[in-house]
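What follows is a pair of forms of the same protein chain, given separately as structure tokens and numbered structure 1 and structure 2.
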Structure 1
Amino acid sequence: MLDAIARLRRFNRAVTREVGALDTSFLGRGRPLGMARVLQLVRPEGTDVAIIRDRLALDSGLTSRFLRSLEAEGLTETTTDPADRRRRIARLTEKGQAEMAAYEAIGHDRAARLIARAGSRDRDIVAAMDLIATLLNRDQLEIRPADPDSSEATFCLRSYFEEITARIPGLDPTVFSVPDPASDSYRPPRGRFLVAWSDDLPVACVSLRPLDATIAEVKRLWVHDSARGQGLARRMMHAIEDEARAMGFRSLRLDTNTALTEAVALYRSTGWHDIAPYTGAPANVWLEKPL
């Protein structure tokens, strides 16, 4: 009754009931579930029909018919892909966008009510949901370049500074400004800023800036609470090293602090070695890695 598996199954029951209610609320807009699910994947800029079929694991014939019905209602329109005229692209019409907004509103309302029910524990609940969603989404995790001034980068950097301020004693939090006034050095072609996405939540970042023509510096490796303990930091470092190699750098440097024990351990176990200090406090560890 009380082991982990039994508790997961209790969770499953509770959530199935909730999700069932959500399905019914789709029906609340007078549209069968299948069609509603398709509609939710059609974006104003256009979505490949193949992607819709794939995501929903639908038969090609059925997908086609759903799209035909949505078209008949005037919610979508389908055009052929100019790049490959066998493929087709479905696009939301204005009426379709209005309809989607209505679905959004329903979902938003339900979500707001649930959060409100959590009362004083709303932060705990959201953290719990992040943790579970990140676990379930793990196979879909994607690492993509981002602009250092984008909202996702800003989110990552704020979280990063919050964390190191809490962990490194005596660190002055006012020295950080987000967005970074020097963000240009993290932007191509000189630098890089990578973000890992789990669905639409940024769960990790790492960045690179040039020190000179052959040496670059890795900065701001951060992993969201919900994604820790899964080797994501290692993947991020791999990704940024690949970028650096592709850009022609010969070696990488970074500075960090011994208070960030897991990070330091990760670096040391992946080919980084100590070098002479090249920056000041709060750093107390300086590392280099040849590429």
Structure 2
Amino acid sequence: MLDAIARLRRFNRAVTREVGALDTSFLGRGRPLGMARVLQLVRPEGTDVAIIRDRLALDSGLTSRFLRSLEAEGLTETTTDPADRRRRIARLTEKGQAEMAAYEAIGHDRAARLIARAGSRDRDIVAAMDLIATLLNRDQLEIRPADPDSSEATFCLRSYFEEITARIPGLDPTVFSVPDPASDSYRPPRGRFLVAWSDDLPVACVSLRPLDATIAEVKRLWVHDSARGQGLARRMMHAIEDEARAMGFRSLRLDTNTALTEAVALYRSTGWHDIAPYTGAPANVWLEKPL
């Protein structure tokens, strides 16, 4: 255990040095890392200041000082939410968007150089970083609606199709297409497509489409390798079931395959029961759950 702790502390020190966490001018842009991270979380359309504070674990005073400094530079503006005057909303200005683009370009270049140093082990290194980052961000993971044709949905669906093609014997990969030609079925007001985000990377998805006025079908449950073993698949299923209830559906159905053992076990442990087949191959298990 002591050896593992020592190795973790060495890793922490290496990352602190590599990312310039102690630099007074993070990435050479004239601000410390904390202020740069606040800027990164401010969106052009607006971000609740409380969300910024919670995401970065900053106290109210330091958050306010950072925002005042960014406002003095003309990078952000903070206003009171007209719908709830207790909330403050920070927004990026055009100058702020340009500054964020500069940060992104420098950060991308530095990351590319670091990965290049890994040489032939780059895939292993990136996979390890994915695992560590997802674990550290576990408490900040967000599940949000997405358009089924968006880039994040496309990434999730490609990953999902690659996995089931590899795991289900004899499955023809050409039967799948991304974007999904039936994507309108997963788009409001008819259906839903949910994506789980770990920081700014999608790590899971699940979708819902109507079968009739009272029954909907759950499709495309997928979780990235780095996010497995943390209960995320269960969270995704709870989230899509909540969406179905809010839309007025009375029951849900899904089809799956016995090769997907973890998925079948999850469904059976959360109240799904077997029903007669309602689709064809590659499904060989059909389940329903009342809401």
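Everything quoted here is computed from the prediction, not taken from an experiment. Quick note, the numbers are simply positions in structure 1, starting from 1. So that the term is clear: the rigid core is the largest set of C-alpha atoms that superpose within 1.5 Å between two forms.
Form assignment for the chain places structure 1 as the one matching the criterion, namely the form predicted in complex with the DNA.
Positional change of D184 between structures 1 and 2 stays under 2 Å at the C-alpha, relative to the superposed core.
When two forms of a protein are overlaid on their rigid core, residues whose CA moves 2 Å or more are considered shifted, and D199 is not one of them between structures 1 and 2. Superposed on the core, the two forms differ at R37: its CA moves 2 Å or more between structures 1 and 2. Superposing the rigid core and comparing between structures 1 and 2 gives a CA shift of 5.4 Å at T93.
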